[in-house]
Structures are given as C-alpha cells and as structure tokens.
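As structure tokens, one chain now follows by itself in the form predicted on its own.
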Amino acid sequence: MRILTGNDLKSGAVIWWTGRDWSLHVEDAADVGEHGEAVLAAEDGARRVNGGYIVDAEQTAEGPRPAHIKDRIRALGPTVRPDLTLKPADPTAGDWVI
C-alpha cells in the first residue's frame, strides 16, 4: 500500500491524501498504488500541498499505518507532550508510533 503525505500550505499541518481531498488523519488516507506521483503533481500544481511525498504503508484494522517511524510520528503529532497529539485522550497513542 502506498499513501501520500505533505504539509498544508496555509497551516503547515501534516496532511494525508484521501482520494478526493486532504485530511489531518492518517486513518483517512487512500491507497494510491502506482498513481501517487500523478496525484502529487496535480496537487502541487494546484498549490494545495507543500513537500508532498509517497509513503509505504500497511493496512491495519485502524487504517493505514506508515511503514517508517518518521511518518508514524508525523501522523500522530508531537511526541514530547501527548496532550498536543491528534489523539490526546488516547493513553495508548504512543504505542501506535513504535
């Protein structure tokens, strides 16, 4: 499975391609297969994403899980303060990263 990520041009937030739009939640990411580069070119051209790239991921029961720890950290948010992550009420959120 391959998914797309980048940063929102307006807010700088980490975003994930859903197949139609961008989401803050990696759980919404769509498998782009071999079309990732074409989607990135179109989205970059439309100035809707900055620094986009393709991420290898695996499908889990909770949704896509990036293969590399860097992207799992990006998907969760800062790891230095759990209250600043996208899952502040989930005490096991850090387990998802490792």
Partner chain sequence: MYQYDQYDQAMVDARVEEFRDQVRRRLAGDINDDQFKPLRLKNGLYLQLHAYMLRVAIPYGTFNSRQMRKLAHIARTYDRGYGHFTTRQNIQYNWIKLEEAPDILAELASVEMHAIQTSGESIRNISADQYAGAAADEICDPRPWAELIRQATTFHPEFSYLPRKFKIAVISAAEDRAALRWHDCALRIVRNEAGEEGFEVYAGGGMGRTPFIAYKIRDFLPAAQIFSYLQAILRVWNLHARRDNIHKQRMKILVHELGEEEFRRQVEEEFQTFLALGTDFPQAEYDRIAAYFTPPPFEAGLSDDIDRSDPDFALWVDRQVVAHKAPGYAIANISLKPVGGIPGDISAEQMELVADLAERYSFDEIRATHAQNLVLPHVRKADLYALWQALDAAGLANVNLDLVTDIIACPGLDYCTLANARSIPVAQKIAERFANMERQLDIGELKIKISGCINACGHHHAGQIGILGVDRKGTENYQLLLGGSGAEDTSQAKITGPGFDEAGIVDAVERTVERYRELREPGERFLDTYRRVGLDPFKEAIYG
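All values derive from a computational prediction rather than experimental measurement. Positions refer to the first chain, counted from 1.
Beyond the structure shown, there is the form predicted in complex with its partner chain, which is absent from this document and is the topic of what follows.
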property	result
Any non-hydrogen atom of K87 within 4.5 angstroms of its partner chain in the model of the complex	no
Contact test in the model of the complex: H25 vs its partner chain, heavy atoms, 4.5 Å	no
H35 within 4.5 Å of its partner chain in the model of the complex, heavy atoms	no
Heavy atom of I54 within 4.5 Å of its partner chain in the model of the complex	no
Contact at G12, I73 and T79 by its partner chain in the model of the complex, all three, heavy atom at most 4.5 Å	yes
